[in-house]
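Have a look below at one chain only, the form predicted on its own, in structure tokens format.
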């Protein structure tokens, strides 16, 4: 795309300012099944989103085609949009920010394997899984993916911003059968360098998680001490992460509306939003509006301290953007989103947390997150599975149960955060968190 051509044409058309946002995604995927390479797929997509201010109205256009010959047609269509827009929000495209900090760099040290190394890895993982236990009957899924993502913002006011990220991910699934009962489990791991990858440890975790699901039963309904294991806690926290959004708080539809400065969680809970975190695979030096990002304490020892903002939500609440204006895709509108947001880990292992809990339930997986929670009130009711803990030790597996309550009320009863924060390829992550009590529905 000849960006200067588009910027010049927009200026001649009468646009007060004009922006070109481009997102690039490239992926290489090896899928393995039954002793051989099942498929090898490469793909790359560049999405372009145009924004312009015409007659003080923000208009836009999105495409996956880089066609400079369409510049007149596209700009004409954007001009016509302006007459149909009724929003009173101020339309703003930003110049470069002079006080922006120096860009942060990832601490990840990627060593890219060649095709032969990937095939050998997948072959060995499959053999190790199948040899682990007679009950493991099948490797249901086995895949290696390499992906590159980048974003660029170029506008008529001099903004030239770019971020690039990369990740290598191994995903495997195993199925176990015992007395006619079939259970499966999946495990993914971000691998910087195959030379340091513990294949045996990966296979053991996957297979033990799969075998542990066999023979799972429900439990009597009641109040239980509960630990949400890191994966389950991440799912729940991510589902409710929009409670920190200035867009929702400004409209009064977040349970945290009007609660800045108040204790909303237990004092053991600290929440940080850090788009520049160098331990993640999605390091962001600027948001999708071009605002520089920064580390922010959102909840400090249980006290809600920082509302997350895009430029629009900030303007509505007479404050400044926190650099949290992000898109869900190149073609979507900017919304307030946390980025590399986490509950800070504590010092105790999951085993130590179980020992302190004594008797209770560890929840390892949640289901129904899209339908089983209310973002306005914080109420939730979710199917889940996990295992019983008796006398501080893991007992039998548990399934067909439901955990229910109010998210803020539950978070106020948190008693400990574990040391097992694992970012994987997530932009929201949590360690395991123990709670004094949760309502469990079962038998």
Partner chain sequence: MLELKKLEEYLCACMNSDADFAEIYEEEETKEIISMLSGKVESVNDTVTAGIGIRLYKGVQSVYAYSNSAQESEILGLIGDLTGAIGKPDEAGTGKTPEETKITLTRVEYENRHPARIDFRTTPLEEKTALLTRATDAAMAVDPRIVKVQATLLNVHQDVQIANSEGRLISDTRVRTRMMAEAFAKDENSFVSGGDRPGAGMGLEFFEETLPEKIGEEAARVALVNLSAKDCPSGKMPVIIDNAFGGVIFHEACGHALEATAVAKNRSVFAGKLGQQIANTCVSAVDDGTIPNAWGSENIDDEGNFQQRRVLIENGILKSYMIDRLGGRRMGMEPTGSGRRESYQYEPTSRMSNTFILPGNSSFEEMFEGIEKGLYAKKMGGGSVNPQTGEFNFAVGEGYLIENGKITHPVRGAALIGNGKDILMNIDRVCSNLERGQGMCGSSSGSIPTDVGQPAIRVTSITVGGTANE
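Residue numbers count along the first chain shown, from 1. Definition used throughout: the rigid core is the maximal C-alpha set that superposes within 1.5 Å between two forms. Computed from a prediction, not measured in an experiment: that's the story for all the values here.
FYI, the form predicted together with its partner chain isn't displayed, but the following is about it.
From the list 329 to 337, 159 to 167, 296 to 304, 224 to 232, the contact stretch for its partner chain in the predicted bound form under a 4.5 Å heavy atom rule is 329 to 337. Just one of 276, 259, 316, 128 comes within 4.5 Å of its partner chain in the predicted bound form, counting any heavy atom, and that one is 316. Residue in contact with its partner chain in the predicted bound form (any heavy atom within 4.5 Å), chosen from 357, 191, 104, 175: 175. Taking non-hydrogen atoms only, residue 123 never approaches its partner chain to within 4.5 angstroms in the predicted bound form. Interface membership of residue 401, defined by any non-hydrogen atom within 4.5 Å of its partner chain in the predicted bound form, is confirmed. Its partner chain in the predicted bound form comes within 4.5 Å of no heavy atom belonging to residue 114. For residue 63, a non-hydrogen atom is located within 4.5 Å of its partner chain in the predicted bound form, even though that partner is not displayed. For the three marked residues, 266, 271 and 407, no heavy atom of any sits within 4.5 Å of its partner chain in the predicted bound form.
Applying a 4.5 Å heavy atom cutoff to its partner chain in the predicted bound form picks out 138, 139, 140, 141 from 133 to 168, in order along the sequence. After superposing the rigid core, the C-alpha of residue 57 moves by 2 Å or more between this form and the one not shown.
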